[in-house]
Each structure stands twice: as C-alpha cells, then as structure tokens.
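One chain is shown next in structure tokens, namely the form predicted on its own.
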Amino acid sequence: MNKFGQMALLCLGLNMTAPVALSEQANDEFSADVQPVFFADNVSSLDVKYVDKTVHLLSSKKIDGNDSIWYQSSPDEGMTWSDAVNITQGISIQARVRRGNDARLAVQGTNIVAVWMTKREGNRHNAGPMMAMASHDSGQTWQQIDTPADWDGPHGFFAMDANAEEMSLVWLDSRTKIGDGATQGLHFAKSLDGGMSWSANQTLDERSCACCWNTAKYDDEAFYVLYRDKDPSDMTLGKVDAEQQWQALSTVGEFDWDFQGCPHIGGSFAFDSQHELIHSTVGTGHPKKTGTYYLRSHDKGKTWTLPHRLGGETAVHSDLAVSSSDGTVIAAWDMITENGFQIMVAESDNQGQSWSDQALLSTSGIRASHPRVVAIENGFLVLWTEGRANKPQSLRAVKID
C-alpha cells in the first residue's frame, strides 16, 4: 500500500465496502459478460495497445534475479496469444520498473518501440536513464536503439503513441527542475522513422509532479498528453500539434489540491470521435474531495463537465476506454477495501451521462492494483496485477462483452 493509500485509509474514517452512487440517474447494475482470457506469473509492469485488430502486450519480469522485458500479441481479442518473446534476451538491462512507472510501448504498423527506466546505483532512488528497444517485424525480432532522450539523467513515467506518420514519447526528468517540492519537468520527442531516430527534446512543462504516470494519445490532429501538474497538483491536458507546438488546454478536474509531495496517481483519457467527446478519469487527494473521478469534454479538452466520483473515497488508480462502435464507456479503478486493494469496474451506455453500480473484478483477499482498460472490436479488455504482500505479482486479463 502506498503512502496515499495509507493516508486515505487511516485518516478519513471511511465506509470501504458499500457501492457509491455516481449520479442521480444511475443505470442498472453492471450487466456485461466477463470472461477470463489471460494469466501470467511474475509480472512487475505492463502496457497494452490495440492496433490494427491486434492486442499488443508488454510486460516485465525478474527471473533468477535478472530483469527482462517481454512482448506478445493476440490477433483475436485476447482469446489466443503468441509465444512470449524476451526482447532483452542476452542483455543486462537493470530495469527499474513497477506499476505506475511501467515499461511502455508504441505500435506503428510493423514498427514497435519499447522504453523503460534503468537503475543507476548512487542516484536518488537508484533511478537511471531510459533504455529503448525496437522491432520492425511486428515483434518477432528486436534490437537496442538509441534512446529518445538527449539529457543523460534519470528518465521515467513514460507515455507513448503512434499514428501512420509519426511516433511520440513524453516522460519526466529533472533537467529543468525549478521550485520546491517533489517536481520534475515534462519532456517530449518525436520519431518519423519508426523509432530509429528522434527529434531534439522539447520541454513541455518545466514544473510538473515528480512521479505520477502520464497518459498520451493521438487523435486526428494532435498528440494529447494528460499529466499531473504542480501548484496546484491537479491534472492538466495539453497537446502537441503538427508543427510540434505545445498548448496546455485545461485542468481536468479543478480540485485545487495543494500537495508538495508525490501521490503516484495519474489519470486516463479516451477519444470518442463518433460523439465528439473526450472521456477522462483523474484522482485527487484533496481532503474534502479524495477519490477518483470521471469527467468528459465536448470541446476537444478546453472545458469539462463537473466531476463524478467513481467508487468510494479510497479509489486510487484508474483507467477507461470507449467503444468506437456505440460509445459505451468502461472505467476501472482500484479501491482500498477491508480486504485491501480490489479492482472495480463500471459502465456507461450513454456517453458518461450516467453509470452502472460498481462491480468487483478481482479476487477478494488478494491485493490487486493499477487496472488498464483497452477497447477492442467486440468489447473491452481489462488487465491488472495482483498478488500477496511481498510476493511476485501475477497479471490477469478479462474480456468484457
């Protein structure tokens, strides 16, 4: 349990088991069909993308004391999977990865790029510079490539995406650290050749939270980034346009949370082009508003609806996705209960205007955290890691129809 979770549990005096109504107009109970589709042992981080009707999964493992990064894919929405490929076979990588600072991937046709933080003894938290690998044959073979960073220091909390023309990456490092508190800066680089070379680094924000994960995605016109800002410590959405110009668009959930530490809580967003919406989840530790919230934007992220709480006040890490066919939204989050962290899920069939009651996905009594949600052609995949305290974690994935 992280410090934020302990604070929420010990200081707020919460009812941790009862479902919380998300709006005055609630849908019926969560009624979608859920079926397990994937399980893997000894997983310390994960990333997942659905591109060209293929699920791409990146995970990290520690085997016999050695760190390794693994890739595999599914052509049928998670029902069957390729053999896992150790993309770092024969390389000493000394990865420093964990949930919330996961190894990340971007997929562009047959090009796939993976990045992660390495260890550097003697640095603060032993954090080291990023390492990168690339495949140009859909993940069959891999090679180490020059990293996108042009500053030799610790880099972490990556977010990546690609479209047909380019691949982009954002991350945090302290080259521009200014002011007090737990801060780093948000930085950006772009590749036009499948990750083999990268643009000069661009600082998007000199003062951001130091250790909250970022989320980044392309729409038709720009590369959007959601990150935790500073002063206050709320989430900011911005975009890098085709001319590589950065524009901070809005605060997603104006909670006015003044916190000089680092809560290790990011957010999520997803585009609904059919209904011209952006859906988002964000977390806050504001004493009067603690929890995870859903919001949506009708104007490309310039303004947002009032926040609706997902789950109870102990909901922490969240993700969501939206169906491209009918606009159904699935949100998942972990929440501190009397049985520890558990994965909850809810759905909206009216573009986020109202939500079903929460439903429990994970096994009661086993700590489960950091869910990821990806929309596939026929439903959604929800993935998370779970395990006993101080034991290796397992990766679980379910399909929601």
Partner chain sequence: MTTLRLWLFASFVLFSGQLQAEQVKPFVKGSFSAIQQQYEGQAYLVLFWGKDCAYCMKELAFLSPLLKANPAVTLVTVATDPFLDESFIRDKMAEFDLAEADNWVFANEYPEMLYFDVEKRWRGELPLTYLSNGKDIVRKSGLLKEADIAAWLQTF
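Here the structure is a predicted model, which is why all the values come from computation and not from measurement. Residue numbers count along the first chain shown, from 1.
The form predicted in complex with the partner chain exists for this protein as well; it is not shown, and the discussion that follows is about that form.
Chemist: Please identify, from 214 to 222, 237 to 245, 315 to 323, 72 to 80, the stretch that has a heavy atom within 4.5 Å of the partner chain in the model of the complex.
Modeler: That would be 315 to 323.
Chemist: Find the only residue in Gly139, Gly253, Pro148, Gly291 having a heavy atom within 4.5 Å of the partner chain in the model of the complex.
Modeler: Only one option qualifies, and that one is Gly291.
Chemist: If the cut-off is 4.5 angstroms on heavy atoms, which of these, Gly285, Pro307, Gly100, Gly327, is the one near the partner chain in the model of the complex?
Modeler: Exactly one listed residue reaches within 4.5 Å, namely Gly285.
Chemist: If we define contact as a non-hydrogen atom of the residue within 4.5 angstroms of the partner, is Pro232 a contact of the partner chain in the model of the complex?
Modeler: Close contact is absent here: in the model of the complex, Pro232 is far from the partner chain, nothing within 4.5 Å, heavy atoms only.
Chemist: Check His125 for me: does it contact the partner chain in the model of the complex (non-hydrogen atoms, 4.5 angstroms)?
Modeler: Flag for His125 set to yes.
Chemist: Taking the partner chain as it sits in the model of the complex, is Lys49 near enough to touch it, meaning that at least one heavy atom pair lies within 4.5 angstroms?
Modeler: No, Lys49 sits far enough from the partner chain in the model of the complex that none of its heavy atoms falls within 4.5 Å.
Chemist: Although the partner isn't part of this model, could you tell me whether Asp41 comes within 4.5 Å of the partner chain in the model of the complex, counting any heavy atom of the residue?
Modeler: So Asp41 does not count as contacting the partner chain.
Chemist: Taking heavy atoms and a 4.5 Å limit, what residues of 338 to 359 are near the partner chain in the model of the complex?
Modeler: Glu338, Asn339, Gly340, Phe341 sit within 4.5 Å of the partner.
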